[in-house]
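In structure tokens, one chain follows: the form predicted on its own.
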């Protein structure tokens, strides 16, 4: 890896950062925590002329609740997610994902925006945020746009993010009473394992039945996806035959690949197991039976 010849900027305002990226065009790259960007540089997957460091931009950091909406700045670290009281109340699934992501050292520098922008199929945050019905806010020197997170990813390592745009924040609805989220994944190491199969669930409970269920699978398709067959749980308890059908749908709707971590058939089989873990955890939490 070499950074020779790269022009490095450390702007002190978002406007300054966006102006530099605009002027650099396709020769520019943004760096927040750098845990993904530096690997890309190492393997010469990118060869920028200009690098824009975002660590000084306080407007990209923090977690806030504004009435019924939770907003997470793109520059917020994964470690900050782990210890946030707002998320502990409204998005336990995000805490699940943060606790299981990489190592403690990496979590202190890796950021929410960087994790999403990398668009790795095995990324931990995207499935949970999609389950939470999140929107993503993008900004360039020309203006701002927002879109559902489901529309952000276009394929493995590819997104709709333009070269001159930055992710500024993620927003999702605050949890209603008797609703909860969860995240589960299967990997080969107890600590910083990369997901072989991942699942996120969000359940709104109405008495003894589920009023609304969102199940999202990760690492078993080019991009995270909502399981359509999970709708079988609407109006029913998350148990028994309905739960079996939702888990079977997770396995049948996924499009896994075969690689060093597992075959297509193995991933498909494990998908139903991990989906069950996520759904059952969210269901218990929605009744106040699990922290």
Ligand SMILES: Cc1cc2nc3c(=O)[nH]c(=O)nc-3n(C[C@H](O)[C@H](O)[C@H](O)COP(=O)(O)OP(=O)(O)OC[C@H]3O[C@@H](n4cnc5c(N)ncnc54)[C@H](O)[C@@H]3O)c2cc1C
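Given the structure is predicted, the values throughout are model-derived calculations rather than measurements. Residue numbers count along the first chain shown, from 1.
Unshown form predicted in complex with the ligand; subsequent notes refer to it.
A residue is said to contact a partner when one of its heavy atoms sits within 4.5 Å of a partner heavy atom; residue 115 meets this definition for the ligand in the model of the complex.
At the 4.5 Å threshold, heavy atoms of residue 202 stay clear of the ligand in the model of the complex, well away from it. Contact check for residue 71: every heavy atom lies farther than 4.5 Å from the ligand in the model of the complex. With a 4.5 Å cutoff on heavy atoms, residue 31 counts as touching the ligand in the model of the complex. Heavy atoms within 4.5 Å of the ligand in the model of the complex belong, among the stretches 86-94, 142-150, 215-223, 166-174, to residues of 166-174. Think of it this way: in the model of the complex, the ligand has a heavy atom of just one of 131, 110, 197, 210 within 4.5 Å, and the residue is 110. With the partner omitted here, the residue from 257, 50, 56, 39 that has a non-hydrogen atom within 4.5 angstroms of the ligand in the model of the complex is 39. Contact annotation for 122-142: residues with any non-hydrogen atom within 4.5 angstroms of the ligand in the model of the complex are 122, 123, 124, listed in sequence order.
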